[in-house]
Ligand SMILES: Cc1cc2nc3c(=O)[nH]c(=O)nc-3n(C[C@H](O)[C@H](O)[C@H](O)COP(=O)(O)OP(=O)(O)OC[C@H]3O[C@@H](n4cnc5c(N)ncnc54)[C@H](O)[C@@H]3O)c2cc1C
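Just one chain follows, in the form predicted on its own, and it is written as structure tokens.
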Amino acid sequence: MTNTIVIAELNKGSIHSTTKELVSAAQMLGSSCTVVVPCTDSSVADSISSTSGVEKVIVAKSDIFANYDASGWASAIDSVTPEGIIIASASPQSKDLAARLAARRKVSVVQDVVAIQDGKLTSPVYSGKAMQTVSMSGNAVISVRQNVFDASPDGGSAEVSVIDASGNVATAVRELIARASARLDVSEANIIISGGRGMGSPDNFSHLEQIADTLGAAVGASRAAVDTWDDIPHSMQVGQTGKTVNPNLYIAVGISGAIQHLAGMRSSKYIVAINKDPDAPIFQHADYGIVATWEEALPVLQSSLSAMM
């Protein structure tokens, strides 16, 4: 199995869309793709971990990545990058980095690749007047031009490892605890409890969070709740203009069941609806419905779940 390692291209502190093109190129050269993200803030890597074809994300966190230093970057990235074919963008900075990584590893470098077929690399020579095609016989470092390959789509779920090279242990530990305790995203959860405008106030979502903690669930929201309250972020929204989810259990609290919301969750295996309006459309799609206010239903639900768990 050939390992391919993509060096993420960053722009203004976030991962550039070119990186997903590099993942597509990597899949043409190997069967196991790892993305290395050089950064000062490990949260920037979250956007690439869901890319299809990526098996692992290595976050190389260090203050050295705040500004480009050719020698420092090459040394830091080389130290965390596994053996394999390294793929970088053909931007001026990344081409320089590619050459330095190749020199450190004593392997060949091929710049400005515009085509990959059957393990052969095609790139322009003589200022683009001719094209050359070369074959690889082992590991190498290559740079790939932008807009040559289609971007790899979302749909993956890669393992993320953070290697903190800053030397600040206290900061690293705080970040580790924060990442480990972060509430599960609705797109990843097997159980979701969502609230709508019927919750009355964003402060009342704390009752949903208590139940979510008991069940190991994620907390979602309807578009009406997101649009009404600034305290409910768009990242929680389930629906046609939010996130489409497919959990085993979906609990809708104070959600009427508008078409927009149903489009994002009606494929859930089991749907439980809690709403004070017996004519709410959500009941037409629920496997189990409770006609009650959230104030009446949630304390009983929390008590029952705590006893069961």
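A residue's number is simply how far along the shown sequence it sits, counting from 1. Not measured: the values here are computed from a predicted model. Each form is matched to the other, and the largest set of C-alpha atoms that superpose within 1.5 Å is called the rigid core.
Unshown form predicted together with the named molecule; subsequent notes refer to it.
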{"item": "Candidate stretches 58-66, 22-30, 42-50, 256-264, one within 4.5 Å of the named molecule in the predicted complex by heavy atom", "value": "256-264"}
{"item": "All of 5, 84 and 104 within 4.5 Å of the named molecule in the predicted complex, heavy atom check", "value": "no"}
{"item": "Contacting member of 189, 224, 116, 140, with respect to the named molecule in the predicted complex [4.5 Å, heavy atom]", "value": "224"}
{"item": "Distance check, residue 197 to the named molecule in the predicted complex, heavy atom within 4.5 Å", "value": "yes"}
{"item": "Exercise: residue 240 in contact with the named molecule in the predicted complex, heavy atom 4.5 Å", "value": "yes"}
{"item": "4.5 Å heavy atom contact, residue 245 to the named molecule in the predicted complex", "value": "no"}
{"item": "Heavy atom of residue 280 within 4.5 Å of the named molecule in the predicted complex", "value": "yes"}
{"item": "Residues within 4.5 Å of the named molecule in the predicted complex, restricted to 267-284 and counted by heavy atom", "value": "274, 275, 276, 277, 280"}
{"item": "Residue 10: Cα shift of 2 Å or greater between the shown form and the other one (core-aligned)", "value": "no"}
{"item": "C-alpha of residue 55 off by 2 Å or more between the shown form and the other one on rigid core", "value": "no"}
{"item": "Residue shift check between the shown form and the other one, rigid core fit, residue 143 Cα at least 2 Å", "value": "no"}
{"item": "Closer or farther in the predicted complex, the Cα atoms of residue 8 and residue 243, when the shift from this form is 3 Å or more", "value": "closer"}
